[in-house]
Ligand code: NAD
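Only one chain comes next, encoded as structure tokens, the form predicted alone.
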Amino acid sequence: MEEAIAKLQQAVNESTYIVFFGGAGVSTESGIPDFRSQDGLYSQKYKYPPETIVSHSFFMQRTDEFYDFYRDKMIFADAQPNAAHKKLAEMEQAGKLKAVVTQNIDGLHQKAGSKEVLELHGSTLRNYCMDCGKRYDGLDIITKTQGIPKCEACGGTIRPDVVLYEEGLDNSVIRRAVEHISKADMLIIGGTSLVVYPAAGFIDYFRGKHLVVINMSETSRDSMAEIVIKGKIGEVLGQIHVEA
């Protein structure tokens, strides 16, 4: 581990355009459960599979049941950024890191101070009325209401600005993510199993020098990476020293 950390430090030192691509494992150290581990969300038992509940068709047909699950299992109002979020924000402020591309919807990268955050799957911190389009930032419209949240302006149904199963990703977010990854001289993949597509496919656009994978379990890109570290992303990045 020490040798791998030293190699990571050297790669960070010599890189000028770092991009971070992360998944649920980045937020587990903040107390937010991931999806596919043994204790993850998808391993828990519900009346319907979680993949079904967080789908577009389920939301449209059983909106009240969607919100019961969403409030209980998808909202973490008290979660705080961990060492990984903070280090990435520090790297951006130092001019090293140019973008965070995340599959997470918790907003913790921004809370830690990161500015260029491309949220592939949206955010629980943004909501909108499906009828009139009125925006509702923050969690209050969800957490301080019961049942199906309704628009204060028109009474329409409010939905979270997250990408549900059966829905496509935002094209503008995709374009910016691909642009950053294709320009990067260093790509750090962290806290993701790389099994969710199309997001995981964005890695193919990387043409830079240093490909790094930091994850608790093996990924499909380990054999391609210059540096592979099996460990918690916060503990690993927390050991990296950043200089402008």
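Quantities reported herein were computed from a predicted structural model and do not represent experimental measurements. So that there is no doubt, residue numbering starts at 1 and follows the sequence shown.
Just so it is clear, the following notes concern the form predicted together with this ligand, a form of the same protein that is not shown.
This ligand is not shown here, and in the predicted complex it never comes within 4.5 Å of any heavy atom of E119. Using a 4.5 angstroms limit between non-hydrogen atoms, R221 is distant from this ligand in the predicted complex.
Under a 4.5 angstroms non-hydrogen atom cutoff, this ligand in the predicted complex has V196 among its neighbouring residues. Remark: G201 does not count among the residues lining this ligand in the predicted complex, judged by a heavy atom distance of 4.5 Å or less.
Partner contact region in the predicted complex: 23-31, out of 174-182, 202-210, 55-63, 23-31, criterion any non-hydrogen atom within 4.5 Å of this ligand. Interface residues of 200-222, taken as those with a heavy atom within 4.5 Å of this ligand in the predicted complex (partner not displayed): I214, N215, M216, S217, in sequence order.
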